[in-house]
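Presented below, as C-alpha cells, is a lone chain in the form predicted on its own.
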C-alpha cells in the first residue's frame, strides 16, 4: 500500500544542498537535485532522521498548530510519556497534565495508564502464542513503515495488539461523548508527539476505522508555553503525585522500559534505525527464533530521542529510569485493576481487527520483460561506476544512482567520475567539427583565389 501523505517536508528556500539529510536517511529516500533536497515518498518512513541531521532547518515536521483546538467543542490532550521527561525531576506528570489544561485544553489524559494496560495485554498474548518467533512490537509507526517497505515478509510478525494512543483516543471519545452529551466528532483528541511519524496514523491511517485522533502537536512546539505555566512541586504533594503515576506505562518513553516491571523476560529492545536494520536482517536469517518479542524504537534511546523533543535524550532517559526506580522502591503501581484488563483482553478489546500489509516500492517497470531489461541495464551502469558512494551525484549510493538513471530521474553524466569521459567525448566532437570547418575552408580557398584572379584579368 503506497502512502500519499508524509509528515515531513523540505522548505526549499532554506535548503542549501549540503547532503547531510541524504547521508542520514536509513531508507535512501532523499535525493539532491538542482542543489535542493527531494524526498521520495514511496521510500520515506517518516522517522525524522533528516530533521535532526539538517544543519539549516530546511526539513520540518507537518504537525498541527494550537489553532486546531478551536474546531472542537471539547478538547483533550493525550501526551506521550516522553513529555514527562522534558522537565526537571521535581515536575511530575500530574503537574504537567494540569499545565496542559492551563494552556487551553479542556482536559488532559495520562497515556501512561493505557500504555500499562497494553503492556499487560501483550504479556497475555505472549503467554498464549504458539507461532513463529520473534514477534515484533508495532508501537513505533516508523518501524511499521520500515518493515512494510524493506522487510515485507516480516509483516505477519507484528504483535496484533493495538497501539496505546489509538485505544486511549477511542476510549476518551466514547466516555466524553456520554458524559457531555456531545457527538464524537465534536470532541477533539490531540496527541503530544515526540516525532513526526505519529501524524501518519492521523492523516492517513493504515485502517480507516482505527484512527480516533484528530491531531498531533509536537513537544518542541508546546514546550515553551507549557514551561511558562508550570509551577514547582512542593514536598506535601510529592507523594500524592507519585501515586498518580502508572509504573507499567511510564517506561514506554525509553528503550527497555515497556517491560521493565513485568514478567516478560525473553525480550530484545533495539533503538536507532541502523541497529534495527541489523536486527531485522538477523531475523530474516533465522537467528532470533529463540526470542519472544523484539521491541524496536526508531529513535536512539527510545521515544525520548525523537526529533521533536527538547531535552537531551540521555538526560531524558535518566529521568524516566530514576522515576521508575523510585516507584518500584516505594512499591507504587497505580495502574488499573489487572482483573479488568484480563476481562477486556478476553473480549478482544486490545486486538487489531486487520493485519498490516506490505508497502512495496514501485518496480522498475510494470511489464516483467521490460523490468528484467532495465535491471540488466541498472547492473551495467552500476558496474561502470566507481562504487565509492560519494553522493556528489545527488543519490546516496552508486547503486541508487544507477537505478535513478534507469528510471530516467538522473543522467549518467551526473556522476562526477563520468565528467572526464563526457569532456573527452565533447572534445572529440569539437575536434571533428573543427576539422570539418578546416576542410571546408581549404575547399573554398582555391575557388576564392581563382575568382579573384579572374576578376583581375
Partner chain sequence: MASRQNLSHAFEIQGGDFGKAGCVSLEIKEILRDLGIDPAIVRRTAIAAYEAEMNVVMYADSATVMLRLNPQGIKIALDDKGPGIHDIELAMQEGYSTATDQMREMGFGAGMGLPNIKRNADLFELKSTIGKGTSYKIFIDLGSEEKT
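Basically, rigid core = biggest C-alpha set you can superpose within 1.5 Å across the two forms. Note that the coordinates shown come from a computational prediction; the quantities given were computed from them, not determined experimentally. Residue numbers count along the first chain shown, from 1.
From this point on, the text means the form predicted in complex with its partner chain, which you will not see here.
Residues 157, 372 and 378 are all found to lie within 4.5 Å of its partner chain in the model of the complex, as judged by heavy atom distances.
This chain appears without its partner; in the model of the complex, the one residue of 60, 399, 390, 40 with a heavy atom within 4.5 Å of its partner chain is 399. Interface residue among 287, 342, 175, 322 relative to its partner chain in the model of the complex, by the heavy atom within 4.5 Å criterion: 287. The closest non-hydrogen atom of residue 281 lies within 4.5 Å of its partner chain in the model of the complex. Proximity of residue 272 to its partner chain in the model of the complex falls outside the 4.5 Å heavy atom cutoff. When contacts are judged by a 4.5 Å heavy atom cut-off, residue 153 counts as touching its partner chain in the model of the complex. Interface residue remark: residue 363 is counted as part of the site for its partner chain in the model of the complex, having a heavy atom within 4.5 Å.
Stretch-level contact analysis of 218 to 226, 115 to 123, 185 to 193, 364 to 372 against its partner chain in the model of the complex, using heavy atoms and a 4.5 Å limit, identifies 364 to 372. The rigid-core alignment places the CA of residue 387 2 Å or more apart between this form and the one not shown.
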